[in-house]
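One chain comes next, on its own, written as structure tokens: the form predicted alone.
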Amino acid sequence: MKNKTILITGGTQGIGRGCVDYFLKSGWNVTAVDIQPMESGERLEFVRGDTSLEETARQATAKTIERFGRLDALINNAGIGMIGKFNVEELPLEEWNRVLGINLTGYFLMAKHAAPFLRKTKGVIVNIASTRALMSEKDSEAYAASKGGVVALTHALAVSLGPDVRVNCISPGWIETRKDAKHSDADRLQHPAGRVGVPQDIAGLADYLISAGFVTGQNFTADGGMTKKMIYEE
């Protein structure tokens, strides 16, 4: 993967940070974008910005090309939750717009500005959605809508950008991002895989999708089987 370059949004924590670390270890050049600070390094370029703003997308792609000379893959990951904070009758429009702006519009903007460079390398986009695109918790309307939109945006981009650029989507389930987290037996047993996920699980799937040349427009659920297991109250 020498000289291959990947751009990852939301790269300072959680799944995004897991992807940054994974691809650096795999020999990629990495550009990370986030509102939280990160130090640039030998093969790491950091761009600080809000991905719901088009200027951030312009700056991130421009700095990537300036620093590394090419772009081979984009992982759209930046997102915010807001789950459980407001019920639907009280959800302020500005909060709805904020979630949709980062979780969906930001993905469109990054794809828009990355596409010309990805076409040159026959590159790949991997969008991070959520199992909340397929199932819901209470008071999660904005988040669910944004992630459902990501799944639809994925197949639309795959058709529009193909055959030069492939576009796929990952819908993670329960991914533990806290280093000191402890899980009960009940937590683990909700998953047929026998455990809660970690960011490296998503990074590994993203790596597969980048190399899977005949796969595009698809949504891959990565949840340890949780959405397939029927759970009844005792």
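Treat the numbers as computed from the prediction; the structure is a model and nothing was measured. Numbering starts at 1 and follows the sequence shown.
Form predicted together with nicotinamide-adenine-dinucleotide: not shown, discussed below.
In the predicted complex, at least one heavy atom of Gly14 sits within 4.5 Å of a heavy atom of nicotinamide-adenine-dinucleotide. Contact check for Ala78: a non-hydrogen atom falls within 4.5 Å of nicotinamide-adenine-dinucleotide in the predicted complex.
Put simply, Gly204 is far from nicotinamide-adenine-dinucleotide in the predicted complex: not one heavy atom of it is within 4.5 Å. nicotinamide-adenine-dinucleotide is not drawn, but in the predicted complex it has no heavy atom within 4.5 Å of Ser140.
By the 4.5 Å heavy atom rule, the three marked residues Asp34, Ser130 and Ile175 all count as contacting nicotinamide-adenine-dinucleotide in the predicted complex. Residue-level contacts in the predicted complex: of Thr51, Thr64, Asn29, Asn168, one residue has a heavy atom within 4.5 Å of nicotinamide-adenine-dinucleotide, and it is Thr51. Put simply, of Leu153, Ile102, Met110, Leu71 only one has a heavy atom within 4.5 Å of nicotinamide-adenine-dinucleotide in the predicted complex, and it is Ile102. Comparing 89 to 97, 159 to 167, 140 to 148, 118 to 126 against nicotinamide-adenine-dinucleotide in the predicted complex, the single stretch with non-hydrogen atoms within 4.5 angstroms of it is 140 to 148.
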